[in-house]
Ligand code: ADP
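Take a look at this single chain in structure tokens; it is the form predicted alone.
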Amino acid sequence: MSNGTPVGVSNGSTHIKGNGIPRELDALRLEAVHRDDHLKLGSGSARIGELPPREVIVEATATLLTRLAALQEAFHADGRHALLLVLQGRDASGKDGVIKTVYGAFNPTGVQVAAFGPPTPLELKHDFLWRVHQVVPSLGMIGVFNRSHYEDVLAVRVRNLAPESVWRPRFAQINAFERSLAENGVIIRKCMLHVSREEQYVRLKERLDDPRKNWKFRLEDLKDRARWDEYTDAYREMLSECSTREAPWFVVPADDKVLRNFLIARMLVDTLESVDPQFPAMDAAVREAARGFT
């Protein structure tokens, strides 16, 4: 890993096959978090200093999105697996932007998006994973979680909504839950969109100043910003405890929106190509019945 490269971004060779990714972008690929990575999650790791020209990244992202669309069509028809992308990040880290850009490449019939706010009274009567399991994508589908079950070890912890004796065991419970999903055909990829304190200020200020965006601004945004260090500690432990072989975490430098979208699109292409989805052959009985069809 070169100096100045954030943890989680590799300078290794690409895994993408024949997608026309320029040589100068070979260094830009997400790497899964490992327990011994000693994540700092400072402002420096929310950005990459020296990047190729912006138009090169934009063009490469467009190429990846085209490839994603083709892969999704085969993935949906294949039906052996489901893919779940979990998006977590601080306020204004870009979760909606990723969904709009990256998932915008997909056929809507094969994609589902679930957003998680505060639990309802009914959800509070169940275990914390109950509402999550209901919206896990079915085989052949690609799903995205805009926030997720990880709020129950992040917000619950930082806002003191439950004691440590409640939220700490959830690390192991989440790992067991995700392992079960993986063993039943769900491919899980989790992205922590890492935005710096400085960039978050700029984006929150835009929400305040733009009448088209200030509806997004919440009182809780200010309260959570004041808890910056507490959230950093919570994210560090979450990433360390819950990045597993079955369900890895990726830290995505998210100060630059164009780079953020490129990195996630590239990781998704890599993931789908590793599955090698195939269109199923026509049923023999159907083929025989269709013989001579005009």
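The structure presented is a predicted model; accordingly, all values stated were derived computationally and were not measured. We number the residues from 1 along the sequence you see.
The next section is about a form of this same protein that is not shown, the form predicted together with ligand ADP.
**Student:** When the contact criterion is heavy atoms within 4.5 Å, does residue 156 count as touching ligand ADP in the predicted bound form?
**Tutor:** Output for residue 156 is yes: heavy atoms within 4.5 Å of ligand ADP.
**Student:** Is there a heavy atom of residue 80 no more than 4.5 Å from a heavy atom of ligand ADP in the predicted bound form?
**Tutor:** Residue 80: no, not in contact with ligand ADP in the predicted bound form.
**Student:** Within 4.5 Å, heavy atoms only: does residue 179 come near ligand ADP in the predicted bound form?
**Tutor:** No, no contact at 4.5 Å.
**Student:** So in the predicted bound form, does residue 166 come within 4.5 Å of ligand ADP, heavy atom to heavy atom?
**Tutor:** Result no; residue 166 lies far from ligand ADP in the predicted bound form.
**Student:** When ligand ADP is placed as it is in the predicted bound form, which of 72 to 80, 142 to 150, 181 to 189, 197 to 205 ends up with heavy atoms within 4.5 Å of it?
**Tutor:** This holds for exactly one stretch, 142 to 150.
**Student:** Among 119, 131 and 216, does every residue place a heavy atom within 4.5 Å of ligand ADP in the predicted bound form?
**Tutor:** Yes, the whole candidate spot contacts ligand ADP.
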